[in-house]
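Presented as structure tokens, the chain that follows is alone, the form predicted on its own.
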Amino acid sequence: MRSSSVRVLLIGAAGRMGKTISDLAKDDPKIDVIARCDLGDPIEPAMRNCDVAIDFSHAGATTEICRAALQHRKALVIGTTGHTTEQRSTIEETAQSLPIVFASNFSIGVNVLFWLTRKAVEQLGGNFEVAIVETHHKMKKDAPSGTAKRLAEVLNATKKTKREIPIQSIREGDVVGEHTVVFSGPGERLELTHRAASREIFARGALRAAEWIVSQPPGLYSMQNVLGL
């Protein structure tokens, strides 16, 4: 074990993101993946010796993960999407006692997209209609994506409205992830788009979040907090 590194429990290790994180961690001297869990594996025993758990498993495992983290006082990085209202409440309650990074997307570019979306709403005003289009690979189960939902939250918060934002979800091929925010106004149209070409961008962001969160006080943090945006 690398004594100066952050000790990581990787949950969802057999999935696409889990495998990518595991591969990248091998070449990162600041990260030591000391344990891996997947479907059917007990989480609590693996949680004991880590500094932080990175979760890219399934929303249904959230309650067990939070319970084990609380028991052993471990930080969490949660990248799983598709949570129910109750599951999100569990995460929020756990964050009162533990530091948690909870993000729908760990890409630096996507988090800049969140920031740009806020700025666009502020500048364009109320004369522009907004919509979101997102595309992912055909194996992705949740729709709309967590990132699309977060973009809608950003739009509503900035526009100060609870009006439902139209979201078009496309599932095809092996698309890693594409998100476009469309602003349609009188005589003009503005589109902000982010395209992910590799899952490595999400994995690198998750590892960066893991390094950052272990030194933070209890609370619920976003990737924008990690990046200082």
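All residue numbers are counted from 1 along the displayed sequence. Fair warning: this is a prediction, and the values are worked out from it, not measured in the lab.
The next section is about a form of this same protein that is not shown, the form predicted in complex with nicotinamide-adenine-dinucleotide.
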item: Region of this chain that lies against nicotinamide-adenine-dinucleotide in the predicted bound form, out of 84-92, 134-142, 116-124, 153-161 [heavy atom, 4.5 Å]; value: 134-142
item: 4.5 angstroms heavy atom contact with nicotinamide-adenine-dinucleotide in the predicted bound form for G15; value: yes
item: Distance check, R48 to nicotinamide-adenine-dinucleotide in the predicted bound form, heavy atom within 4.5 Å; value: no
item: Touches nicotinamide-adenine-dinucleotide in the predicted bound form: L39 (any heavy atom, 4.5 Å); value: yes
item: In the predicted bound form, V33 touching nicotinamide-adenine-dinucleotide (heavy atom, 4.5 Å); value: no
item: Heavy atom contacts to nicotinamide-adenine-dinucleotide in the predicted bound form at 4.5 Å, residues of 103-133 in sequence order; value: A103, S104, N105, F106
